[in-house]
Ligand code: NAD
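Take a look at this one chain, the form predicted on its own, written out in structure tokens.
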């Protein structure tokens, strides 16, 4: 089997984790890496990953130095959450004739909020004969693709309610800050108003994807973000939360068809939820014929699953027809434990 040659672009927590995972997968070969951090540029990827051995892949600081379709089949972008910020890099990859997977949350369904950019990506990918996918654990899996798959046996679906209750404690300062953890309730409200506190990124994308897959005709999406006020002291390496301060963000997204609510997604995120007897978990409730109620406890591990979904989708993307794709446009993900049918198609 000819290996799929991969460029890993971005070597932060997610990017480096995906790189380590790819090294354990038969049929995948990391042939290039890109990162903007000066302390990484020029070093062997094995050294940057802390493997104690060299891999023969030098980390490039300029993507132009490694974007060669004769040497790279697919690029994995792990650099930002926002499609507008990633567009220059996406254009470089696509015009180089290289397939691409992005873990930017807004890339999971660009038409949800940026239809003009989504069309540009689709047109550009078709012109250059490549496939582009946005994915991750959420959006991209738990609160959209998995929801859609669970409706596969339904005769009808009236409405959907799904929630993901997770622990923010393992995350770094950027995520902690974006959720308002450690602020006062007043500062949280101000942060939501000025956009510095965003809560979960991806509800419009997930709701649009579910609606499009099922034909629910959602025509309006509303979101609310409320502070989770701690009653106890909580602490992580990046933040200390006194009682009365904000421990997390309860974010809700609702999709309507006219005046009827058809999709409700709930995502309360906080540090150390167990300190107030809150279990983590993923819950999907489909109301229709038949009703389906799924519960996964504890939550599907966010960072680990983002790495897994992304790496496991590589053969699907390389084998797909050209264009901008969503998870509902491609075969279901499956763990790459050996040579899969999709790898044999490449």
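Positions refer to the first chain, counted from 1. Fair warning: this is a prediction, and the values are worked out from it, not measured in the lab.
Omitted here: the form predicted in complex with this ligand. The next part is about that form.
The stretch that touches this ligand in the predicted complex, counting heavy atoms within 4.5 Å, is 133-141, out of 147-155, 236-244, 212-220, 133-141. Using a 4.5 angstroms limit between non-hydrogen atoms, residue 183 is distant from this ligand in the predicted complex. Interface membership of residue 295, defined by any non-hydrogen atom within 4.5 Å of this ligand in the predicted complex, is ruled out. At least one heavy atom of residue 105 is located within 4.5 Å of this ligand in the predicted complex. Remark: residue 12 counts among the residues lining this ligand in the predicted complex, judged by a heavy atom distance of 4.5 Å or less.
A single residue from the set 318, 34, 28, 286 has any heavy atom within 4.5 angstroms of this ligand in the predicted complex; that residue is 34. Among 81, 113, 95, 163, the residue placing a heavy atom within 4.5 Å of this ligand in the predicted complex is 81. Within 4.5 angstroms of this ligand in the predicted complex, the stretch 293-318 places a non-hydrogen atom from 306 alone.
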